[in-house]
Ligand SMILES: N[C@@H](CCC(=O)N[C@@H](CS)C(=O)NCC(=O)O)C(=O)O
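Single chain ahead, written as structure tokens, the form predicted on its own.
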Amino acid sequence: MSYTLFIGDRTFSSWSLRGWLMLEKFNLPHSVQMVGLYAGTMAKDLAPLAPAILVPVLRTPEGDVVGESLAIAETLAERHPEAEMWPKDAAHRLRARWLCAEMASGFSALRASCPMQLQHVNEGFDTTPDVQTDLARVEVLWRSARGISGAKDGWLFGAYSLADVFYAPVAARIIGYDLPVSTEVREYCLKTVSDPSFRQWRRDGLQVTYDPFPYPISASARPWPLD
């Protein structure tokens, strides 16, 4: 038996991406069902999964339903300790949970000003002071993760963890809007969007076309890395 994950659009739904990476990157059997995030049918599509009103939503093999990405993450980590979704070390695990919780509740300026889009790179984006503040906080948190884990490059805590899942859409925003960050942060972002699972998600999303495109496109937009 496998999990069923209910998601919205792949190109734009950052939380759907997180839910999928939890299952895909840790090799948990699953299938995916799309809901009408942009078609106006999301409430109807999610009605059988009440009280869920947002994506992603996870249905367990037993038929139980859980919403909210942090709750999904903790549920999967508890059910599959062998997958080592959180870092092994207790101190690293504590810090990883902190990073994920802050991602789930913060970074409002970055989210609002730079909605995730995986189609192209917008050059010349006007980075507001509030977005700059959020980017500076990302730098601090990622640096703290490496400081405690000892990982000089690669994933934040050495091995891939839920912290990398939760910050994948942040990395996509930094790449997709060509945001000003340090070399170290940009390298991590490029590693994230170069990961085979991420690339598969993006390829699947690009099978859907939009006319008009939901978000403004910079006059100097360039192709996505690795295209």
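Computed from a prediction, not measured in an experiment: that's the story for all the values here. For every residue, the number given is its place in the sequence shown, counted from 1.
The protein also exists as the form predicted together with this ligand; that form is not presented, and the subsequent description refers to it.
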Leu28: touches this ligand in the predicted bound form, heavy atom cutoff 4.5 angstroms: no
Close approach of Ser69 to this ligand in the predicted bound form, 4.5 Å, heavy atom: yes
Partner contact for Val55 in the predicted bound form: this ligand, 4.5 angstroms, heavy atom: yes
Contact test in the predicted bound form: Leu37 vs this ligand, heavy atoms, 4.5 Å: yes
Among the candidates Val181, Met42, Val65, Ile175, the residue which, in the predicted bound form, approaches this ligand to within 4.5 Å (heavy atoms): Met42
In the predicted bound form, residues of 1 to 28 near this ligand [heavy atom within 4.5 Å]: Ser13, Ser14, Trp15
